[in-house]
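Just the one chain here, laid out as structure tokens, in the form predicted on its own.
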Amino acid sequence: MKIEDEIKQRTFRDEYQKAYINLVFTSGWLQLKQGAMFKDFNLTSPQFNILRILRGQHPKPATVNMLIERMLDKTSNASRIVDKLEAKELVTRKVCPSNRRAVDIRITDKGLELLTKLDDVVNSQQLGMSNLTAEEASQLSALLDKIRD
């Protein structure tokens, strides 16, 4: 559906405004769809993001600062998210033996198993990306990179 129809707005100041509004709208749409997908697993998008980061580090530990650097949503409170994941037994947190001020965070086997289940769900959903060809997806990625330059 076109952005004009989605937000019931027929005219825009210019193509840049239209593209910006479309980008913001689509970002929110993707977040809603992703959030609904994770709800069945009692997980939020930021929790999923942290689990994926930790799986990439596995078996090495991560620190909260490293998680913050790599998180997609820089406004999320990584410490609070780790608290919730620890309560669900998806991560462990231990004082680093070489630096007592640092805390080592690792994904648990339970966390790895959950991500394996989610991999299948995420891959099957593709949240609109299946409407694009591989070339279009590459072009979109390049354009998004260009916006952030």
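Remember, predicted model here, so these are calculated numbers, not experimental data. Sequential numbering from 1, following the sequence displayed.
In what follows, reference is made to the form predicted together with another copy of the chain, a form of this protein that is not presented.
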Within a 4.5 Å heavy atom cut-off, is Leu32 in contact with another copy of the chain in the predicted bound form? yes
Heavy atom to heavy atom, is Asn42 within 4.5 Å of another copy of the chain in the predicted bound form? no
Answer for Glu89 alone: is it within 4.5 Å of another copy of the chain in the predicted bound form, judged on heavy atom distances? no
According to a 4.5 angstroms non-hydrogen atom cut-off, is Asn99 in contact with another copy of the chain in the predicted bound form? no
Going through 6-22, which residues have a heavy atom within 4.5 Å of another copy of the chain in the predicted bound form? Please give them in sequence order. Glu6, Ile7, Lys8, Arg13, Glu15, Tyr16, Gln17, Lys18, Ala19, Tyr20, Ile21, Asn22
